[in-house]
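To begin, one chain is listed below as structure tokens, in the form predicted alone.
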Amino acid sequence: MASCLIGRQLSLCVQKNLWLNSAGCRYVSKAAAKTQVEYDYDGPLMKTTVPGPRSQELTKQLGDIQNVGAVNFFCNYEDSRGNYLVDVDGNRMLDIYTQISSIPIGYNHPALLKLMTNPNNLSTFVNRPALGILPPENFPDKITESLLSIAPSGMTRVQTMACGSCANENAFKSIFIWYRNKERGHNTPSEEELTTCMTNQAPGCPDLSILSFMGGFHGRTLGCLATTHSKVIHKLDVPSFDWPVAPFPRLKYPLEEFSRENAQEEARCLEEVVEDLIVKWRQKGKPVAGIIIEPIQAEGGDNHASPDFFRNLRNISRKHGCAFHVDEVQTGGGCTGKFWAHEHWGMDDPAEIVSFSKKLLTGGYYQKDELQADKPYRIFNTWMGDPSKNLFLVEVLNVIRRENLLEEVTRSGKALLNGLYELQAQYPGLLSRARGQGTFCAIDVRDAATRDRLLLQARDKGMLLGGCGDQSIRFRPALVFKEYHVHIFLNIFNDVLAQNK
């Protein structure tokens, strides 16, 4: 099947500039020159409303089995290509949301399909081992070739997991274990600790905490949920820990035009709040063992902060003996123009822990040596990742390097952000606060109801976008999103905006 798909993809080379000149493409900027993407389509193609009849039928069928309240429509992944997602009713949409930012190099990339045809890889796809106890022979080499080849500065250890939530959850455990061993001065627990932990009591289960930020999102498991503060729906009715929550800076955009005001806001959050919370929770008998933060708050509204903010926060973590945990689940993988968003901070020692998932195709976290678990089974689950995902990741990294995709992201991101600036100037009553780094961009809409309507209207015209925060639209294209695709988006989005003046 993979070889058939490759052949079908190669037959899809078309003259994309013809699409830009078609009726309805009225964006004022000049279209970018065509860049050949052999496995891409030439543009959106809509046949029905979305969801179409087949999607509605399948939604009803699945609704008899599980909750389908979040289902948008059903997809035909075999026919999806590059930057385009095809649904089961034959609608072809330019996907600028990419499965919540988790598709690194587009749908059905030929390099990944070719990987599936290699008979030497069959056992890796067929047999999923319990990696913590029975890893395959080539696992150390594949980890070195994939995840360790892109390790953040100062880190040589990586722990694989299945997803972002379990990556963060186990990273918290690593932080707590490290913190308690540091308090003891050794890693041998007392008899009292061994006994009390079995009944969820101190000192075996210490009352430690993780400091997080309002607007942050770190997952939906119980520990992660205690550090998630993006939407009520994630947290309602679920018991949580009494852990400190600091305000994330509310900056003005463009950042370079409000540097003085933004610096004052960041200083307020750091000095008046973060440090005070660390002291307060220590006095409450719930010391802060770690601080977790996203380089750009994604789910919470694409909220940015300056490199100085993160550098100062890192210094605060050192001052108070807290582990610094950078959550790169959504920002990692190249979408900001660097492989890790924290690289924009310009730090040699950015963190004790960096977690990842989404575009890395597997979950996990990098850690400093001292946070390595001191005993077997302390950081453990059945699968602890998936070796087949490391095979894919090796090839994804090869494509990124071979095609200079990080440079492509920088070019496309500049075109995207400039286009958003133009549109917000053209529609000041609708749009504001355009912001971004690389193609990791967002823009605010005047209210949530209008934002949601724009998303549906854009989808009806063949373009998939996502919402975030209270009233923002977020852009999360694959790394193969070219300037040409930026202008397709801008043309369609302009048409949608014109309907909502």
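The first residue of the shown sequence is 1; numbering continues from there. Keep in mind the model is a prediction, meaning the values are calculated, not measured.
The same protein also has a form predicted together with a further copy of the same chain, omitted here; what follows describes it.
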property	result
Candidate stretches 290 to 298, 335 to 343, 267 to 275, 148 to 156, one within 4.5 Å of a further copy of the same chain in the predicted complex by heavy atom	148 to 156
Heavy atom of N315 within 4.5 Å of a further copy of the same chain in the predicted complex	no
Contact of P53 with a further copy of the same chain in the predicted complex (heavy atom, 4.5 Å)	no
L455: touches a further copy of the same chain in the predicted complex, heavy atom cutoff 4.5 angstroms	no
Partner proximity in the predicted complex: S412 to a further copy of the same chain, non-hydrogen atom cutoff 4.5 Å	no
The single option of C322, L251, V394, I177 touching a further copy of the same chain in the predicted complex, heavy atom within 4.5 Å	I177
Residue among V88, L423, L405, M347 with a heavy atom within 4.5 Å of a further copy of the same chain in the predicted complex	V88
Those residues of 192 to 217 which, in the predicted complex, come within 4.5 Å of a further copy of the same chain by heavy atom	E193, L194, C197, M198, T199, N200, Q201, G204, C205, P206, L208, M214
